[in-house]
Structures are given as C-alpha cells and as structure tokens.
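As a starting point, one isolated chain is supplied in structure tokens, in the form predicted alone.
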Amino acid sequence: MGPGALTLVDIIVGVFFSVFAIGYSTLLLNAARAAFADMARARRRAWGAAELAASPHQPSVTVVVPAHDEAASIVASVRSLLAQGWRRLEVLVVANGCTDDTLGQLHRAFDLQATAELLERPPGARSRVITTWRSSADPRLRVIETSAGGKADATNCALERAGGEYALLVDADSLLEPTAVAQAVLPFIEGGEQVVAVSAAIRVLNGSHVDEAGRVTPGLTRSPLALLQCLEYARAFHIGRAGWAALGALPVVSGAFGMFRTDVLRACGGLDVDTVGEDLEIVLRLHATVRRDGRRPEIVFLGEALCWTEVPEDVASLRAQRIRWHRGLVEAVNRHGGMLFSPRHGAVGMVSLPFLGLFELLAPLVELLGLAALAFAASTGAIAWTVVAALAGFAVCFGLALGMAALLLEQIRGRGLVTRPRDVAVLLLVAIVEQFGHRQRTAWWRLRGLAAGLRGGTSGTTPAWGEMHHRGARSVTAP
C-alpha cells in the first residue's frame, strides 16, 4: 500500500469518525436535555399514570409474548405481566415451535384449559395454530401453541387475535415494572392520535433479584460479559434512543418492550416475517405508512426503566445476537432506502435513517479498516507512533466519556446500576476495559452481520429465533 493510498484511507477514516463523534455528541446533548425535562415532570406523570390505572374508562391492552423454548423464564415473565395494575388487560403467549418444557411450565403454573377458538390463520402465514388454552387461575392469560414459524410470525398470530386497543410487544424473558402498562399508555392519552408507538428504556436483569410475583430488585451482575452489556444498554437507550426521540427522529422500538396502536400495526400488515430485524423494520414501515396517509407519526421514548431483560453471559450467544442485529440493520436500510434524505418522511428520513445507513451500518468496517491502516502506516514509518497513540487515546477517551455519561443519565432517571459506592469503581473499570478488546471484537461480529446482510438470502425462509442460554429468573431469585 503506497503513501497516497494510506493518506486516502486516513482521510476517509478521519472524516467518518469526526462526523460519528459529532453525531453522538449531538445525541448526548439532546438526551441530557430530555432527561432533565423528564425529571421536572416526573411527579405529574406518575400521578397521571396512577389516575389512568384507576380509571373505569381506561383503554384495553393486549400484551403479546412470542416464545420459543423459554422454559427457564416464561413463568416469571407472565407473572410480572399479570401483576400489572391494569384491569382491562389480556396476555397472549404464542408458544411457537417449542421443543422444551415451555408449555409444561405454563400448564403447571397457570392451570391452562383447552378452548374452542378457531384455528385458521390468514393465507401466507408461516405457522399453523395447533391448540389454544385459557388459564383457569387468571382468565386474562391465553396461550396459543403453533408450529415453528419465527418470532415475527408468532407476534402476527397474536395480533390477529388481540382484542386490545393497544398492543404491548414484549420478549418472553422480559420482566415489567408493576406500573409499566399505565406509564406506556399515558403518552397515547396525552398526545392523541399523533402518538402511534411508545418505547421505553430496557435494563439488564442479570445480577438482580426476582421475587415470586416477578418483581425485580436491582443488582449489579458478577458476569464480566453481562457487565459490558449493562454499559452498552445504558448507552443505546439513554443516549441513542433518548437523543433520537428528542429530535423527533426515533427509528426503532425495542422488541423487548414496545407499545403500539393495534389498528396501526394491522394497517401496516404486521411484522415482516422475512427479516431478522423486525423491530427496526416495522417502525420504519410505520413511519412510511402513517405519513402516506397524511399524518405525522410521533413515537415517544420513556427514559424510565420499565422493562428488564436477561442478556447473554456466554460468548457464543452474544456473538450470534450481534451478528443478527447488524444483519437486521442491513435488511431494514435496504428495504427502506427510499426514505433516505426524503423530506416527506420528516426527521427520520432526513436525519436518523441516513445516520444509521451511512454510519452505524459501516462503522465496524471503517473502524477495523482504520485500525489496520494506522498499524500498517506506523510499522512502515509513514506515520509516527505518537500520532497513533494520540488518535487511540482520543477514541478511548471519547468512548469512555459516552459510557460514563450514559450511566449518569440512567442514574438521574432513577433506579440506575449504582446501588453501592463500589459500583461506581466497577462500572468505571468496565467502561475502560470495553475499549480494549471487547469493542474490537464486537466490531468484527457486526462486520460479519454486514456481510451476511449484503449477501441476503432470507426471502422465503424462516429467520431463526435469537436463541440464548437462559439462566432464568429462578437463578436470580432472592432467598
């Protein structure tokens, strides 16, 4: 590689990361502004959610739980859903192609009784309904057993039968705060028809204590891999999602917790069964569909941690998850490329989707290419090692600053990771360690996801479930 080529690579990498740093700094500033604004109205919102939960005129909510081999976590998750302070609630669990004891766990915990519901599904559905049950212990719980069809198809199966005005989509290992439904419904009531979806911050469950009712007492995990993900989740939600929402450009609602107007989801055709990134794809499609009808959709982000989810503690599961996530990003950007730089798609088309498509998508490629180019240039004397050290120091300090800022914002919003003084030191150490090895390893996994997404090949096949080795709520239950 000649000096000219090295210079070109350096320029490309320098410009890329300059814009990337400016983008994330902008998101951080907007996220901080939103966090302090939320603090000012926290009491009013808590009062509004409590009033709504007690109202006899509250809207109905259907909680949709697609499940595949979730025996370790499904009972605790369903209990936390049924413990919601919301009267007009139904919980639909779709056991999709389960090969473990998921259904057995549900039968024993909730005394399921077979029902005579129609088993037909619309033409083109990936799975067929085998049996339906209702709990005799709590009639709000219904369980549908289907053949294997994938997570998106399982969700669509529940949406076909949902009776609620709002649909709350959660993962089968999600545990909800007792007021989560009320807090998620409130923005719909306050914002009117313009609000089409509500997202919320997700917290890492690993290391916390879960009681018999599914209530969570926060705790810091001892797993090094889960600790790294605590930092990643804080950064993703309290800087990324909060910042985009403050700009009116939120492009994604987490699959672990997202509430939608049921009629809007159905008008969009439900979730796409041909992508592994169905949560990002449906939100982009929702933006396009609603604007096509002449309306301006608003997606609200709630910074409060309303949902807890278990994260991988083994490298194989984490690797598969990150490859799948980045592949889903490629597929979503490819499907909705027509929205890029489109004024009629608002801030999503002009700001967040271009950022995702031009920077988040290519970040692992540019990062690894930049590291290789810098190392080669320094080894051949084309650039001084002091310059390499200065650039590396800036990258490390910037990443460390973002991580600590995210943890601070999470703490400001309440129930953060820091519950004891020594937690500060632990998390600071994690933020430093992340920059040396884990970040580069994750970039390599994302690069593999980029390659898989560019190759394509999901059309006509059933995307695999995001499988993980669950420890389950029982392993973190307080004595």
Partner chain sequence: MGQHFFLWFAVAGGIVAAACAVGCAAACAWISRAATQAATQSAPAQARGASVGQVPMALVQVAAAQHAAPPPGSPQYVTHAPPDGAQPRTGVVLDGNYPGLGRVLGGWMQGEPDAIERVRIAQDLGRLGGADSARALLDGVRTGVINPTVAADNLARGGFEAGIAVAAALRDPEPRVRSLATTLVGRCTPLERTAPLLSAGSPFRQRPMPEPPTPPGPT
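Only a predicted model underlies this, so the values are computations on that prediction, with no experimental measurement involved. Numbering follows the first chain given and starts at 1.
In what follows, reference is made to the form predicted together with its partner chain, a form of this protein that is not presented.
If you check in the predicted complex, do Leu103, Glu232 and Ala375 all have a non-hydrogen atom within 4.5 Å of its partner chain? No, the candidate spot makes no contact with its partner chain.
Just to be sure I understand the contacts: of Arg128, Arg222, Arg292, Arg87, which is the one whose heavy atoms reach within 4.5 angstroms of its partner chain in the predicted complex? For this set of options, the contacting one is Arg87.
Pick from Arg319, Arg121, His345, Arg140: which has a non-hydrogen atom within 4.5 Å of its partner chain in the predicted complex? Looking at Arg319, Arg121, His345, Arg140 one by one, just Arg140 meets the 4.5 Å heavy-atom criterion.
If contact means a heavy atom within 4.5 Å, which one of 336 to 344, 320 to 328, 180 to 188, 144 to 152 is the stretch that engages its partner chain in the predicted complex? Of the options, only 180 to 188 has residues within 4.5 Å of the partner.
Evaluate Glu117 for contact with its partner chain in the predicted complex, applying a 4.5 angstroms cut-off between non-hydrogen atoms, and reply yes or no. Outside the cut-off, so no.
Within a 4.5 Å heavy atom cut-off, is Arg441 in contact with its partner chain in the predicted complex? Arg441: no, not in contact with its partner chain in the predicted complex.
With a cut-off of 4.5 Å between heavy atoms, is Phe359 one of the residues that contacts its partner chain in the predicted complex? The answer is no: Phe359 has no heavy atom within 4.5 Å of its partner chain.
Going by a heavy atom distance of 4.5 Å, is Arg448 a contact of its partner chain in the predicted complex? Contact check for Arg448: no, nothing within 4.5 Å of its partner chain in the predicted complex.
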